Structure formats: structure tokens, C-alpha cells
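Only one chain is included here, represented as C-alpha cells and corresponding to the form predicted on its own.
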Amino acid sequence: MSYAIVGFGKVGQALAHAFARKNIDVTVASRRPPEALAPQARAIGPTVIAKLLREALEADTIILAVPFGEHREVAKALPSWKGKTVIDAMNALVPPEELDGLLSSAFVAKAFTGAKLVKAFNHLVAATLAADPIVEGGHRVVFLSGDDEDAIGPVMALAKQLGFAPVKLGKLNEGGALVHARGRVWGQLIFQDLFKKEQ
């Protein structure tokens, strides 16, 4: 399984730290050229490699960590997203009317035709996401939701590999509602920092 993070701002870098901590290879890309990202990527760790966007999109699993308004530009970079898993780590801090009455992840899914979309890693602030998830005798929780069962399993496995405790919240219109932010409406679980104790 290969991974890429698209977007190399605070959230993208935080996720890159999580991969580097576990020595998992991950490609990073953004609107900026790879050589602009390379020094920061190297500083995070040797398993974090900056590439062109089109090269990064060759990965099996792509984590979207761009500002919400830019996801459609990313979607246009491939003619088809069939066979790809897209992890939506964004928060739609836009007025609800801009989302056609949909939850943010359902709105994002429309742009990525053919992809399996999973909402995950969006409810923790970047500094928390970058920190070691093993804390206070337990693991920091990450919430996941998605409409495709085949995609949720591997994303849960990735979250576990990164040291988090994955908690499945159901489909996008159920669990997604608990962790999404749009306009001034925030789901009950957004920005909650929870721990799961070791059994």
C-alpha cells in the first residue's frame, strides 16, 4: 500500500510527522514545486519524499490536507479516481449554502469520481495530530466514517499503524455529521481530543 499527502501546510506536515515517526514511506505534494517542499520534508524524516502532484497521485491512498476550496483542483489532476482511496482530512470552514446542502465529505466525494472516500484525521488540530499519539497509558483517538466498507478497513489499519486508536462512526451522513465543520456549524466530536486506554 502506498500513501501520499496532498497539501503541505500545518495539517499535511502534522500527518507527515506521524508517518515519519513509524518509518512509513509517504509522498508529499502541494501547489508548490517539490524542491520547495524538500527541505521541510527532509527535516521531518527520511521516509517523507516531496514529489510533483501527478507523481504523488500514483499512490493507492491519498490524504487530502489542502484548504477546502482547493480540493476540486486536486480532483481535476486525474481523469479517473477509480481504485484510489481518498482520505478527507479537511474541514469545510465555508457557509453551508456553498455545499449544496450536503455534508462536507459528501460534497468532496462528488469531485473525486470513482474514488472510495473516507473521512478521517480532520477532528484533531495540527499540533495534536503531529504529537506522539501514545499518551497517558493509551492512544489518541481518530474518528473515521465512510460509505465504502472496503475502504474503511485499510484506513483503520493505517491509523492503528500510526499509533492512533481508530473509532468507526458509520457512514458519511451519520458519523461524518459528528466530525465535520462547515460555516458556524460544528459536529459534536470536532476538535475533541480523546484517548483510548490500553486493555
Ligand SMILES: NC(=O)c1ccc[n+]([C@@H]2O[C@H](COP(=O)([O-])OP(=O)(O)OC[C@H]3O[C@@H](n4cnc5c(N)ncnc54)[C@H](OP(=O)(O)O)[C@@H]3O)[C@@H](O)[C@H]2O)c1
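Predicted, not measured: the structure shown is a model, and the values here were computed from it. Residue numbers run from 1 along the displayed sequence.
In what follows, reference is made to the form predicted in complex with this ligand, a form of this protein that is not presented.
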Heavy atom contact within 4.5 Å of this ligand in the predicted bound form, the stretch among 135-143, 148-156, 44-52, 59-67: 59-67
Any non-hydrogen atom of L99 within 4.5 angstroms of this ligand in the predicted bound form: no
This ligand contact at A18 in the predicted bound form, heavy atom, 4.5 Å: no
In the predicted bound form, T85 touching this ligand (heavy atom, 4.5 Å): no
In the predicted bound form, S30 touching this ligand (heavy atom, 4.5 Å): yes
Single option in L78, V94, A126, A111 placed near this ligand in the predicted bound form, where near means a heavy atom within 4.5 Å: A126
Stretch 1-21: residues contacting this ligand in the predicted bound form, 4.5 Å heavy atom cut-off: V6, G7, F8, G9, K10, V11, G12
